[in-house]
Structures are given as C-alpha cells and as structure tokens.
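The form predicted on its own is given below as one chain in structure tokens.
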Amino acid sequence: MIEALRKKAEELLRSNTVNVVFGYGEGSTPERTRPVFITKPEDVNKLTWNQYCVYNLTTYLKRQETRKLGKPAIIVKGCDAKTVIVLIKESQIKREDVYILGVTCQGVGEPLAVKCKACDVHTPRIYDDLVGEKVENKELSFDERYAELDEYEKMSEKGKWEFWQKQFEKCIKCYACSNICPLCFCDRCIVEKNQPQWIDPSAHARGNLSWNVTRAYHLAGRCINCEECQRVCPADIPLNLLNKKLAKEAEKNFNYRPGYNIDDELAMSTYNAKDNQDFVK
C-alpha cells in the first residue's frame, strides 16, 4: 500500500496534476508519524502509511501557508474524507481545486482510536483515486454510532454539570483544539474579539466554560468526529464527548450526518418546514 501511494504521488507530481501532496511521513519514533508536504517527485519515498496515521490532514486545506504551495493532492481516510465534503459544502474549497487520494482503513491508533470503534466509512465516500482494496461500508445503527455516550447520558443533569465543570477547570486556553480542527476556519475567532468581549480570555472557570461550550456549538451539525481536538488537548479534556452529543442531537432532530452525502443540505443553514420544532420555546 505504501508503494502504491508513492507511485500515485509521483505520477501526480510528474504530470503537474498537482503541485504538492499532503501525506504522512515517519515520525521521531516507530509509533509516530508526522504530516509531510511533498513537492518533488524524487521525494515521494518520504511518504508512509501505517496504523499510526491518526491525524486528519484536511486541516491543512484551510491554512494560508499550505495553500501557497499550489493545488494539493491529499491523502484521506474515510473519516477525513467527510471533512472534505463539509469544506466543499461550506464553500471553503472547490472540488476541482483538490485531488483526493483515498486510502482504505480498518482503524488507526495503538490502542485503536475510539473514533474507529464506531466507524462506518472504511472506504472514503469521496475520492479521485483509491489506494488499497475497497471495503464495503456497512452502516451502523443509530444506537451503535453513539454507544460512546451511553455512560454519559446515564448521569443526572446535576452530574453532567459537575462533570463538565471539573473537566473545563483543566483548560489552559491554549486553543490547540481550534487550531487543529479542520472545520474551525474563521479569519478571526470569536475568542479574539473584544468589542464586545464575548469570551473572557483568562483561564478561569467562567471563561473556560464559555469558550468550550461556544466552540462546541459552532461545530454542532458540522463536526465529523475526527477527534483531533481531543487528541491534541494537553489537559486531556474529553472534548469529543461534547461534540458527539451534539452530533447525536443534530441527527435525531434533522436526520443529518455531516460529510456523508455531498448532495445533502447543511443542517444548520437550511430550513425545512418538517424540522422538529419541539426545541423552540
């Protein structure tokens, strides 16, 4: 599979189909990989693929520094490809401006990442070329998709409040969660605005709560569950638990799953008279 990836990357660069390939390279230890940006055909041997390719490289599609490299080919797993669909739907990238090198995947991480335990996109749902033997995507039931929330949802309202207060107390406001998120792309984040000051920038209880809750709401109906925010959090806050809860509510109320079908209208930017109105008080 590695050789197939390298061969395809070399072909794309030599033919000038793309100017750069976003992929994975070997890390500082055998258990780590790192993002690499290949611009020369002779450098494709720097690409690798293994179970440690956990990162969602689509975050680089939004960055000015990498956009300057020209048209990219990007290596995506099934989960990452969902981000590409959301970015296209939200007019952040044009389909013709990115070459999607899909890879089939049976899960990443050692131990297996939590997101992979409820994965139903082992083959990306969008790609220009697919590397690896195509795997049939078997849809999981609604309950299976959100089984990760079972224990959390058993808590009382008071218990949930205390749980999140305790978690958010650990936040140091480093903003790694938003920097890594491929779907946080505002030129100026709400946390940077001070007229008015929507979110207190200090790392104390009130500011931490408003930051983390606001961020989660901004991802409601958009987050594709790549878990990157949780992976990079130095305080080990289970941020994806919050994201997944909002994803569950979005699917339950709007029958919408972000990144699954490029023809679906976005849940939070369209109105349907048949939408559930029960939440309107």
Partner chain sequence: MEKRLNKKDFDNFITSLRGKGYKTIAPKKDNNLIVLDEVQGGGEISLDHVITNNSIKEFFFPKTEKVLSYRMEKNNVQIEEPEDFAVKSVIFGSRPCDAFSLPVMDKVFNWDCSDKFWVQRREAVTIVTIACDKCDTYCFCTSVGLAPDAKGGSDVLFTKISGDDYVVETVTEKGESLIKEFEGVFSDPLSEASDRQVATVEKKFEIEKVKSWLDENFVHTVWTDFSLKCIGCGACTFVCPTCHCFDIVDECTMTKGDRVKNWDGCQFKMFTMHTSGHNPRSTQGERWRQRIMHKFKYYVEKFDSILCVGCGRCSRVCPADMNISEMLEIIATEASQPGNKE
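Numbering follows the first chain given and starts at 1. Everything numeric in this text was worked out from a predicted model, so none of it was measured.
The same protein also has a form predicted together with its partner chain, omitted here; what follows describes it.
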Q: Report the stretch among 179-187, 143-151, 91-99, 114-122 that approaches its partner chain in the predicted complex to within 4.5 Å, counting heavy atoms only.
A: 179-187
Q) Taking 4.5 angstroms as the cut-off for heavy atoms, does S202 touch its partner chain in the predicted complex? A) yes
Q | Any non-hydrogen atom of F254 within 4.5 angstroms of its partner chain in the predicted complex | A | no
Q. Can any non-hydrogen atom of R34 be found within 4.5 angstroms of its partner chain in the predicted complex?
A. yes
Q) Wondering, does R63 line up within 4.5 Å of its partner chain in the predicted complex on heavy atoms? A) yes
Q: Counting non-hydrogen atoms within 4.5 angstroms of its partner chain in the predicted complex, say which of L241, V44, A235, A216 makes the cut.
A: A235
Q) Within 4.5 Å of its partner chain in the predicted complex: all of T17, Y24 and C105, by heavy atom? A) no
Q: Taking its partner chain as it sits in the predicted complex, which residues of 170-195 have a non-hydrogen atom within 4.5 Å of it? Please list them.
A: K170, C171, I172, K173, C174, Y175, A176, N179, I180, D187, R188, E192
